[in-house]
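One chain is shown next in structure tokens, namely the form predicted alone.
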Amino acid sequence: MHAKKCGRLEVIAGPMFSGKTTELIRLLEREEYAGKTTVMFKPEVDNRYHERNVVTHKGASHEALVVSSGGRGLGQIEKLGKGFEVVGIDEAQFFRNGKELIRIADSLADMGKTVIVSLLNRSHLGEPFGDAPEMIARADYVRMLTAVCRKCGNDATFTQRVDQNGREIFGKLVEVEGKDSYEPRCRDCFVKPR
């Protein structure tokens, strides 16, 4: 009896600066070391550190295919992902149709692929970020990461948007910016919008 190749959906979630992209790169490189074919996708709106590569806040980098955050980009993930054994998707919260991305990730995993998705699980408002809860619920494995609270040093599970003076600000849900505009906070130090 031959066992069917079993796919899986893995999710790496947490606040900003928790090492989600670092973990995604590590897992893809591990699969590459095992001789598996891999591909990494990133949404075009995330060009903070590099136009093409996925890059961590600390500078680690991995080659990626840049796709639009709309329907065309999701179609590319679905079509091109079929040709690889392992599919990585960074910053999944930036894709405009989260339900479609979930369908695609599920479909690829059902085909025997390993799909690894990194995403923010909460917005800067402290609320579930888009379709992240559903992606997490559908995952076979979830790595929930924490950062270090910028205020007190405890484990941070929230992301706070701040101005140049460190004062909390609230605004539109998605603004792709660097480390000067966001900081990790623990539950006690996180300031909820009024």
Ligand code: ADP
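Because the structure is predicted, anything quoted here is derived from the model rather than measured. Note that residue numbering follows the sequence shown and begins at 1.
Same protein, other form: the form predicted in complex with the ligand, not shown, and the subject of what follows.
Among Val66, Ala147, Ala132, Val39, the residue placing a heavy atom within 4.5 Å of the ligand in the predicted complex is Ala147. Contact check for Val11: every heavy atom lies farther than 4.5 Å from the ligand in the predicted complex. Within this chain, Arg26 is remote from the site of the ligand in the predicted complex, having no heavy atom within 4.5 Å. The ligand in the predicted complex is not approached by Arg52, whose heavy atoms all lie more than 4.5 angstroms from it. The shortest heavy atom separation between Arg30 and the ligand in the predicted complex exceeds 4.5 Å. Partner proximity in the predicted complex, defined as non-hydrogen atoms within 4.5 angstroms of the ligand, places exactly one of 136 to 144, 31 to 39, 53 to 61, 66 to 74 at the interface: 53 to 61. With contact defined as any non-hydrogen atom lying within 4.5 angstroms of the ligand in the predicted complex, the contacting residues in 13 to 32 are Pro15, Met16, Phe17, Ser18, Gly19, Lys20, Thr21, Thr22, given in sequence order.
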